[in-house]
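Just the one chain here, laid out as C-alpha cells, in the form predicted alone.
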Amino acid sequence: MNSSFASRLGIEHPLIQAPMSGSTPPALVAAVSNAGGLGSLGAGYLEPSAIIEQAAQIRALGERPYAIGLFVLPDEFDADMAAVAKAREQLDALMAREGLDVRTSLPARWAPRFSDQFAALCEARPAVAIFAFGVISPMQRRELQRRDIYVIGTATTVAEARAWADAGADAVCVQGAEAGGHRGTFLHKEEEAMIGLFALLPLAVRALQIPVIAAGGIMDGSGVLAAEVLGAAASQLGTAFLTCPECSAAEAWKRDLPHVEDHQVTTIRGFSGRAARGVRNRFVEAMPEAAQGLPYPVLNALTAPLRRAAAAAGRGDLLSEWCGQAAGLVRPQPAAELVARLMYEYRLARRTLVS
C-alpha cells in the first residue's frame, strides 16, 4: 500500500474519515484515529471555543493524529434582508404545513468568523488541517507551517487543485461529483465542477507534484484500491461513517441511508444556499422558491432550527440528508470495526488483483 502519506502523518492506514461538519463528534474522530486511520473533526459550524473544547476531548480519547476541517469564508456577510424576510415567511409556512412547531429566527451572526476559527485551529494544533470552499492566505499557510500542521486543500477541478498546490498545500483532496455534502468548488460555477472522481483523480495526479487524495463514492476496500491504482495517496470517506454509532447524524438520517437508491441522490441548494449532494426528500421537493435564492451561509443559518426540529421529531424527510452517490452501501457498525473491515477488503482486493 502507498505508505509515504501515512508515514508522514504517523497513521497506519492512508484512510481519512471526512470532516463532515455537524456529524463528527470527538468520539467518532478518536475511534477512527485509534483504529489507524485519520479521524477528522468537521468544525465548519463551530465557534472557536467549541473547536478548542472538542479538540481537547479528542486528545483525551487517545493521543493519535487527527484533523480539523474548516470552510474558508469571509469573516463578514451582507444579506438582502428583504429576501431574507420573504424566505423566512415561506420556510415558516412550510414547517406549519408539516406540523413542526418551530419557526425561523435571525441569528446574531450568519456564521462563525473564519479568522477566529483559524486561530482556534492553530491553538488546538491538530496533525492535519483540511480546508474547503477556498484557499487560505500565504500568512495563514505560514502560521500552519510554523506549527507543523499538514495542510490538505479540497478541490473539485484540476484548476482548483493547482491553486491549492500554488498556495503551498501539502496535499490536495479531489472531490468527485459522487461525493456527499457540500461541494468544495471555489473557482467555477458549481454546475461546471461536477466531474466524476475516476476522471478527475488521474488528471489531478498528472498535474500535481504533491499527494492527491480521492473523495467521492468510495464505500469499501475495493474502492480504496481502485483509487490507489489511479494514483491516490489516500482515500477520504464520509458517507461510509455516517451510520456508525459514534456519528452524531440524526437517527432518522441514519435509518434512511441504507434504503437510498442511486437516483434519489442529487445536488441540492435549498438547505444551505450552496450546492451539496444528498437525498431528494420531502423538503427538497417542497423547497420554497424564495429560499433557493439566498446564499451560503445565510440560508444555512435560517434553516438550522428547522433541521434541528425535524431531527427531534424523527422526520428524516425534512432533514438535509447529505450523502454520496453510493449511500445505499452503508454498513452500520462501530467506526473501529469499519476501518478494520475496509482495510481487510483492500488487502483482499489487492491479492485478487495481483494473482
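These numbers come from a predicted model, not from an experiment. Residues carry their position along the shown sequence, with the first being 1.
If you look for the form predicted together with a small molecule, you will not find it shown, but the lines that follow are about it.
- in the predicted complex, segment of 174-182, 140-148, 223-231, 280-288 with a heavy atom within 4.5 Å of the small molecule: Partner-contacting stretch among the options: 174-182.
- Message: Give me the residue from Val212, Ala132, Leu91, Ile136 that has a heavy atom within 4.5 Å of the small molecule in the predicted complex.
- Response: Answer to the contact question: Ala132.
- Query: Looking at Pro126, Gly270, Gly238, Pro112, which has any heavy atom no more than 4.5 Å from the small molecule in the predicted complex?
  - Reply: Flagged contact: Gly238.
- Answer yes if any heavy atom of Ile11 is within 4.5 Å of a heavy atom of the small molecule in the predicted complex; otherwise answer no. Although the small molecule is absent here, Ile11 would stay clear of it in the predicted complex, with no heavy atoms inside 4.5 Å.
- Is Ala18 close enough to the small molecule in the predicted complex to count, meaning some heavy atom within 4.5 Å? It does: once the small molecule is placed as it appears in the predicted complex, Ala18 has a heavy atom within 4.5 Å of it.
- Task: Using a 4.5 Å heavy atom cut-off, state whether Leu242 contacts the small molecule in the predicted complex.
- Result: Leu242: contacts the small molecule in the predicted complex.
- Item | Proximity of Trp253 to the small molecule in the predicted complex, heavy atoms at 4.5 Å | Yes, Trp253 sits close enough to the small molecule in the predicted complex that at least one of its heavy atoms falls within 4.5 Å.
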